[in-house]
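Listed next as structure tokens is one chain, alone, in the form predicted alone.
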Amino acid sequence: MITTSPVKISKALLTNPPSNVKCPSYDRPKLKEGILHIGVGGFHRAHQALYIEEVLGAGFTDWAICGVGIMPQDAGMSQALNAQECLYTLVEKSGANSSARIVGALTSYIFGYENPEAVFKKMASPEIKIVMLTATEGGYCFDQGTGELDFNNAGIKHDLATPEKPHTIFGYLAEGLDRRRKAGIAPFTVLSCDNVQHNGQVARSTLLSFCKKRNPELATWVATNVSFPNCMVDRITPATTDAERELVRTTYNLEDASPVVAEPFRQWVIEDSFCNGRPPLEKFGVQFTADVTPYEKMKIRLLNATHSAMGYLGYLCGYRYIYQIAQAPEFTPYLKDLMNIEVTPLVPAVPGINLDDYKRSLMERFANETIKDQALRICMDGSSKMPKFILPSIAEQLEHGGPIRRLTLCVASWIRFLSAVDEQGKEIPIDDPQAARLTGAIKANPRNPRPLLAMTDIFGNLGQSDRFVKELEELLNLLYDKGAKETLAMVREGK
């Protein structure tokens, strides 16, 4: 048992590292920052930053990361990381086994919300070869119905009117690329790492639309010179809470304001299309491919969709952690049937992947009780996740006359969740950029989904499907009349 006082994370720690914690093997002051990353949350630090850590450890020292936060809520991350010289602890957990390492790949952090000019200057630096994004699904500001950038979005309007202090990724990317264009500097690759199918294509089309409004010459230059590879990323990474900080303190004797705990599994598949060089990630387990589409679809339609199905319905059933839902005997057959019957027929063959093995591994990963992934984290930003994870499968099944009952139960559970009151009368916290709009639409009659279905930026044309609307209304009323557990049992039994 550890009895000495915890050691604060700092560069001094690297000169005398704890015996049970792996530390960077490279000379950190000699690194060069070749990557700028917008959206430094737990997932980036558990995934892309770890791959880059391994790249740096092998002697490829030009690819360190400059982290950037552009949202007001990034202030906490800025404070925590800068106080620790951008070092942090990454713990991998499975069962009784855990391991920890200090990650040093992130060598600086700029809080762009307060200092956008510093971000612009860094983006314009010739050393920056890649700008990576984990902007969340909602960060791309596009209309689900049309697939086009939403120029009515408040952030987009602000960035076009106030380019010197942007609020969205588009304002930052446009200004950074424009400065490089004007200076005759080669552009950087824009690498989206978000759970958006064809994320590179989405990043390209939305940025080009933004640039055309801002400066048509810039748009032409971006279209001709900038690369936007599609990629697929995967690693379950719960939000950091006091429990994770206490784990690092008691198990590894480290005082870390912002550690990350993740499952052992990780995957990164990228289309090999970079306009200004890239690190040799293939040496460290990253798979490069000419077409990431089948990998994206597999992950979004199976992992992300099943996560959403677990989150909303599981929360309504009284569960608070994903592992509890995955282990619950009433949920397991529902989740398996959702994947096997309603989603798998829509997923094309994936090179090198056995889908049956993949689905078995998903259930094992979801059930990993050492990863305290909260259901509420999965329930965040439903207005962005539903149109990407669940609704496309429903639309495809409707085209073929296929089954949609289990997927539709997920949608009904989300709408029931949006009532903001659970079956015991307790408040449900709704964390969604469109929370006011969503909850307002069902306030008059929570059982009526039609005002929500009229939101074509979320539902596309699904509100015009009599079959879907009928099933959705039926399941939503069952959730109110019978409760979540009985409704789940009825759907599981084919009723």
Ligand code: CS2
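We number the residues from 1 along the sequence you see. As the structure is a prediction and not an experimental result, all values here were calculated from the model.
The same protein also exists as the form predicted together with D-mannonic acid; that form is not shown, yet it is the one meant from here on.
Only one of 221-229, 295-303, 243-251, 405-413 places residue heavy atoms within 4.5 angstroms of D-mannonic acid in the predicted complex, namely 295-303. With the partner omitted here, the residue from 389, 111, 315, 210 that has a non-hydrogen atom within 4.5 angstroms of D-mannonic acid in the predicted complex is 389. Site annotation in the predicted complex: the residue of 198, 359, 101, 235 reaching within 4.5 Å of D-mannonic acid with a heavy atom is 235. In the predicted complex, at least one heavy atom of residue 377 sits within 4.5 Å of a heavy atom of D-mannonic acid. The closest heavy atom approach of residue 180 to D-mannonic acid in the predicted complex falls outside 4.5 Å. Taking non-hydrogen atoms only, residue 307 approaches D-mannonic acid to within 4.5 angstroms in the predicted complex.
Taking the partner from elsewhere, residue 278 is found to have every heavy atom lying beyond 4.5 Å of D-mannonic acid in the predicted complex.
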